[in-house]
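As structure tokens, one chain now follows by itself in the form predicted alone.
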């Protein structure tokens, strides 16, 4: 297979992740505490203010999927009794742990000093950490994030969240790290976060241009990697987003499209919005199906799973614990279905999309529940045609290239037919 084309920011974030895994591998020798946590609602700034290293199991799983390693881990977990219907992120992570706990970059991952569970709308997270607690016999702290059932967080929800931080999470971090809570250090980290968030939103909004200088689904999973994982609130994360913004603004000024694995996509025929996570085991092939058809994704919901920054949220250093509550409560998996529909409608209208597509993931109930309802509602409110495809996160057995390609091609032909009707 030919080497995939990558832009500068993709190469940079790949190196950042590799360096972080090396640091994790060395943690038992350096004495740096390790905190396992999840992407939606992660408290990276707070964790790192205690000089602890965050490790995110979903990142392990998706990186393993992109490197062709997840299939064997999933099968190993199933042989241990885990059902085929269980989230494949979970099975990949458990299978990896039972196979020597060698991470996707080839480094051995350390045992956690603390499991920090931020519950943000995904029940699977709770069972996942129960399994990890049995595996590692380590302390666990549960941060319950109230669900946005009515579309927003009430003041009492915010107070409840802050109370948990003060009475449960911070004491747990103090105990495992041997350090006291330093609010000024947290504030400094949150300032860096807000700057990175400004730069990321500028990048995401650039997709309103024609041609779009980015792909806001396939390309953007690289862009959001640092801010969704270990680097939000760090100097290197801030520098990454400054560099990314400059790179994208340079492309936009030149009227260029994004860099895809097969080359630049300057000639763009279709502008799409996508709902749902991508398939990681065939990521390049999946992206190529779109780029071959000259289809660029101008907005996606998956790239908001770690924060809805493009809807105005920024971390506020003047209210350090309160802003963490606002952040966790606003993650995509914590939004109700009407809010998710509103998001898709807004994207289609503001980004002048030709259509929207749902990738329904077999083993991810947090995303796939309600998606057919969302499809009908968005079509009705926008008059924009929708499409529905199916795959999985990191289980290669549930990716049918021929089926997905046929559905995508048929859908784009339907868009062409509607365009022809409008011309007549």
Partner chain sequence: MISRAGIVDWALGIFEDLEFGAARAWLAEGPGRKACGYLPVYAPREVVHASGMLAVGIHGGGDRLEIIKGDAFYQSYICHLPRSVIELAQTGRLDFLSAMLFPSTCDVIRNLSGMWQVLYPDVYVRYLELPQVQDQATGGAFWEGELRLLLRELGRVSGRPADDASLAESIALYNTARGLIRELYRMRREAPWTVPTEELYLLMRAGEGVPVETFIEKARAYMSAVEAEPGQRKDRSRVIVVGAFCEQPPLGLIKTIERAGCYVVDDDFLLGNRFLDTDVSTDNDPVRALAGGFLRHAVSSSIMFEPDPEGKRNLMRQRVQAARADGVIFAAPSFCDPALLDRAMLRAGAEADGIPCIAFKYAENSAQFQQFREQAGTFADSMKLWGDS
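Residue numbers count along the first chain shown, from 1. Keep in mind that what you see is a predicted model, and the values were worked out from it rather than measured.
There is another form of the same protein, the form predicted in complex with its partner chain; it is not shown, and what comes next is about it.
Engineer: Is it the case that residue 117, even though its partner is missing from this view, gets within 4.5 Å of its partner chain in the predicted complex, heavy atoms only?
Structural biologist: Residue 117 belongs to the contact set for its partner chain.
Engineer: Just checking whether residue 146 would be counted as a contact of its partner chain in the predicted complex - the rule being heavy atoms within 4.5 angstroms.
Structural biologist: Contact check for residue 146: yes, within 4.5 Å of its partner chain in the predicted complex.
Engineer: Report yes if any heavy atom of residue 338 sits within 4.5 Å of a heavy atom of its partner chain in the predicted complex; otherwise report no.
Structural biologist: Result yes; residue 338 sits at the interface with its partner chain in the predicted complex.
Engineer: Is residue 126 near its partner chain? Define near as a heavy atom within 4.5 Å, in the predicted complex.
Structural biologist: So residue 126 counts as contacting its partner chain.
Engineer: Name the residue from 249, 326, 130, 350 that puts a heavy atom within 4.5 Å of its partner chain in the predicted complex.
Structural biologist: Answer to the contact question: 130.
Engineer: Which residue, 182, 198, 84, 319, has a heavy atom that falls within 4.5 Å of its partner chain in the predicted complex?
Structural biologist: Comparing distances to its partner chain in the predicted complex, the residue within 4.5 Å is 84.
Engineer: Which of these stretches, 153 to 161, 187 to 195, 257 to 265, 235 to 243, has heavy atoms within 4.5 Å of its partner chain in the predicted complex?
Structural biologist: Only one stretch passes the 4.5 Å heavy-atom test: 153 to 161.
Engineer: If you look in the predicted complex, which residues in 349 to 388 sit within 4.5 Å of its partner chain (heavy atoms)?
Structural biologist: Residues within 4.5 Å: 360, 361, 362, 365, 366, 368, 369, 370, 371, 372, 373, 376, 377, 388.
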